[in-house]
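Just one chain is shown here, as structure tokens, and it is the form predicted on its own.
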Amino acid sequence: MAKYTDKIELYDDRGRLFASKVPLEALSPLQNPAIQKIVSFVKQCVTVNLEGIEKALATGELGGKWCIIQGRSLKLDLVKNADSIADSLKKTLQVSKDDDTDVKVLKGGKHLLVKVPAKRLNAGVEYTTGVTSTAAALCCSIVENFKVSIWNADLIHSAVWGRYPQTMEMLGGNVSSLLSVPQQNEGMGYALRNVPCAHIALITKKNAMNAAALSSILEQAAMFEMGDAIGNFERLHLLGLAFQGLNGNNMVYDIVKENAKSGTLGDVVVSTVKRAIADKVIKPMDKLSSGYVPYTTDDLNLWNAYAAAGMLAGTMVTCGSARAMQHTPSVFIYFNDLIERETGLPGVDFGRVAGTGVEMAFFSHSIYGGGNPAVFHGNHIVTRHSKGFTIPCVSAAVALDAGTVIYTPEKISGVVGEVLSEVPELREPLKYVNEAAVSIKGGV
């Protein structure tokens, strides 16, 4: 028996109907197999930069840029021998022959995509198992395959692990994960929120709908992990995931299409309010003496989901028309300001998104000027305040950007985004989450 009566119409990233009357809980991280698989892949999948290791060994630049050990170098043809390294790495990581270990050679041997077996992660309590076991196994594989002497084995370790453990993270290392080390998380349950929007945009091949979906999945899954999506608050986050992140009822797509040619952010607000009225989510109250008509709602959670979907549409219209990501904070501030004035109802996430926009504008545009939207994530001091509703918009904006920033997503993300785009569930989350929701709809 479903806990909630909500039924969602599922659409793809092109606005095509996928399935009707799907229970809301079929999209929950607690129920949806594809979302659980995505979260598992985030822990299991690790990237290896073989070209980076080869270059580091050849130049002696170990442990980060300009950290050169004079007089020490090692010339190994790692890229040319990527297949044999991959085979050895897989054998070392495997727990049993039939487990889910996988090592793929990409870009002519320059990169490896490693999937660490779930059994290794299940044997511990930390998600860092994926990176640590891959790095350790890779050292063993290179030393054994190339018969590296005991006197040079330390170079292999430094090229793979970077400056760790002298640094908290693997500074200058060539094994990477989407997840940052636990010490960089701002609190309990923040691991899935600590993924820069640059990674998300590149993993989804800069498809704005899928970028928003992947961000929303990670953000809202984190809400369950940190204890926010519990009890009375669970439905708030599930509806946000369904309507904003997963284009429920085709709302995001419809509003973008309606305003694509000449729409402004104000037009998107009007479209959002009209949709909410037509769907009976909000209704007008008595007209005030000034002529102003405030609105009310019997379902504040659903109104928040509608407003969140409208805000994502507003981000796509604004940033898409400029082909620039920098407008995101302005959208957060003024979409919510306008929708609150238009309806008298709270903006997205009850004011937290608007506040986030003010701080984000300061950090990225004002006297601080710390970075473009691609560097932000849900764990960032600026953008952590809104729980699940801000970062999907930022990821979509980064995907729509046409190269307007000095530090591009490609430069920020590097190998991680490029390699993990080879994982279909991460690259096209809408497709796989929809399919999984339909497969379990009868049992929810």
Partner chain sequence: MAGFKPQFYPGKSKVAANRKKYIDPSYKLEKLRTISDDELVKIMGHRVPGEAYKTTHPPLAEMGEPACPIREMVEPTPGAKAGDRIRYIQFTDSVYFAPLTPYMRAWLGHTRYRGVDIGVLSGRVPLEARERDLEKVAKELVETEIFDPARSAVRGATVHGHSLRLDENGLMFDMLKRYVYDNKSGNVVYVKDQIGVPLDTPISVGKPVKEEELRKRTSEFRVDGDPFRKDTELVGFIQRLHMLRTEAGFDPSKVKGI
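Note that the structure is predicted; figures quoted are calculated from it, not measured. Numbering follows the first chain given and starts at 1.
Unshown form predicted together with the partner chain; subsequent notes refer to it.
Note on contacts: among Leu113, Leu265, Met226, Ala135, the single residue with a heavy atom within 4.5 Å of the partner chain in the predicted complex is Leu265. Between the partner chain and the residues Ser289, Ser149, Ser96, Gln166, the one pair within 4.5 Å by heavy atoms in the predicted complex involves Ser289. For the three residues Leu17, Cys45 and Lys107, a heavy atom within 4.5 Å of the partner chain turns up in the predicted complex in no case.
Among heavy atoms of Gly124, none comes within 4.5 Å of the partner chain in the predicted complex. Using a 4.5 angstroms limit between non-hydrogen atoms, Glu144 is distant from the partner chain in the predicted complex.
Interface membership of Ala118, defined by any non-hydrogen atom within 4.5 Å of the partner chain in the predicted complex, is ruled out.
Thr101 falls outside the set of residues with a heavy atom inside 4.5 Å of the partner chain in the predicted complex. Comment: 343-351 is the region of 76-84, 158-166, 125-133, 343-351 lying near the partner chain in the predicted complex, near meaning a non-hydrogen atom within 4.5 Å. Scanning 187-216 for heavy atoms within 4.5 Å of the partner chain in the predicted complex gives Lys205, Lys206, Asn207, Ala208, Met209 in sequence order.
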